[in-house]
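The data below hold one chain only, encoded as structure tokens and taken in the form predicted alone.
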């Protein structure tokens, strides 16, 4: 977008103030700096305006103004994203949804809640908790991240292994389309007729429009919850235990791995009771009916011991369980104790390849003379290598980006993906050819254009640049049915 002239800026500000009020428009450069990045601080971009609507009608009016003026816009929640997905990469408007944060309706009989996009994830569980319910998707940032951001990135969390990701819990959406039209996708019932447009919208990273109301499922709290901590002296043995647990026919609610670098950071910060000398720890949670729970716990403990765990212990009470989870969910923040900055990767692999891929991650990072801490959703193979670095050292950020690319390439090579829950955003768009063919990308682009034909809604995200396509080259591999001549792409 061409730079706005001062006179045009003043005119736009007057119109925006007419929609949301004078106190809900920012354009001072010092104020805009607060919104120049998300949780991935490697990328920064300044908007021309940040606006704070309080209703779907205001969002619609803002988007209609942007459409009329040809100004790019992007929705933003709490800014906890880790891929640069909510950055105004071409300037224009940032539409902050943080003042649209209400629980509008709860139908306990049908286990449905209607919320606004700026509601903090954990606050929904707090709202319905006294009646014995909760909202299942629980990103590690759930104390701060918003439901709108979870919709954009199809967020998961530690309990994804059993309960799935955001799209498995969203029934309907009120959406402002990129031309400002207000529409509903889905509703309050499951399995509506027609195309699954809710499923299409969730995970579209804000490129199809802006969700202004969200209908989600809420779940009854389980009768029983048991949390097991298993300690290993070798990370390979901990990786083997992950598959061993699943192979016994168990589906834990969560199965998380924490490596030694992360344990030391967590213990420095919070003192949660993880042994500092452990090479890796598995945090395993089982939930469900009380009947049979003890037997499941015994099978988990046996699997860990058979894989060489030196210590396996059951959280003795809710206080100890919460402390163990505090260590896991606050791990990213704890890295601040041992490094000035870090970049979180988000690859996915078959969990049987954990030993190999974790070795490769450590080799790659060491080659670039960097350090890495691993804390991730081992049960569903969603890795989060955290590359530690100091941005004040010349050339270090470039080495971090290169190491990140190499890690994601390994994930793709073993049959995985370049993102599990953080989205593509700015960070990974140049790596899309690792897993998608040119035909795949063309088709996805056509879908985006059906929603967003002018490209004003969150531009510059997801799709690779022409330069990177040439440098990286497509890593497309034909599917087995294509190799057998049973199918052909386009």
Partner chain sequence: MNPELLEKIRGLVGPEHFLTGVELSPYVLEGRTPDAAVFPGSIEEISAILALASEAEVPVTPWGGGTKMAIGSPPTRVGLVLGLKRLGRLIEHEPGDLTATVQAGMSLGAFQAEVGRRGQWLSLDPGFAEQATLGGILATNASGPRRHLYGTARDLLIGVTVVAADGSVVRGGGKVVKNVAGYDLPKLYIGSFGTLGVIVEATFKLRPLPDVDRCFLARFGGLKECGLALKELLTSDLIPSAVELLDSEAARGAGLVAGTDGGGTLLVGFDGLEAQVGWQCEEARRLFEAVGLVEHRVLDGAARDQAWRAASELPRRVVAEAAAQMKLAVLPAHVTDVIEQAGGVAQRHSLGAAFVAHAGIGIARGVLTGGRDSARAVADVLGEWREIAKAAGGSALVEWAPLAVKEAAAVWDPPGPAFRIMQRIKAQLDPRGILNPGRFVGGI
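Bear in mind that the values here come from a model prediction, so they are computed numbers and not experimental data. Residue numbers count along the first chain shown, from 1.
Below, we turn to the form predicted in complex with the partner chain, even though it does not appear here.
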Within 4.5 Å of the partner chain in the model of the complex, all of 185, 424 and 453 (non-hydrogen atom)
yes
Check residue 313 for me: does it contact the partner chain in the model of the complex (non-hydrogen atoms, 4.5 angstroms)?
no
Residue-level contact is defined here as any heavy atom of the residue lying within 4.5 Å of the partner chain in the model of the complex; does residue 167 satisfy this criterion?
yes
Is residue 199 close enough to the partner chain in the model of the complex to count, meaning some heavy atom within 4.5 Å?
yes
I'd like to check something about residue 446: if you look in the model of the complex, is any of its heavy atoms closer than or equal to 4.5 Å to a heavy atom of the partner chain?
yes
In terms of non-hydrogen atoms within 4.5 angstroms, which of the given stretches 360-368, 259-267, 304-312, 110-118 touches the partner chain in the model of the complex?
110-118
The partner chain: the contacting residue among 298, 398, 317, 191 in the model of the complex [heavy atom, 4.5 Å]:
191
Can you pick the one in 239, 153, 212, 140 that has a heavy atom within 4.5 Å of the partner chain in the model of the complex?
153
If you apply a 4.5 angstroms heavy atom cut-off, which residues in 409-424 are near the partner chain in the model of the complex?
415, 416, 417, 418, 419, 420, 421, 422, 423, 424
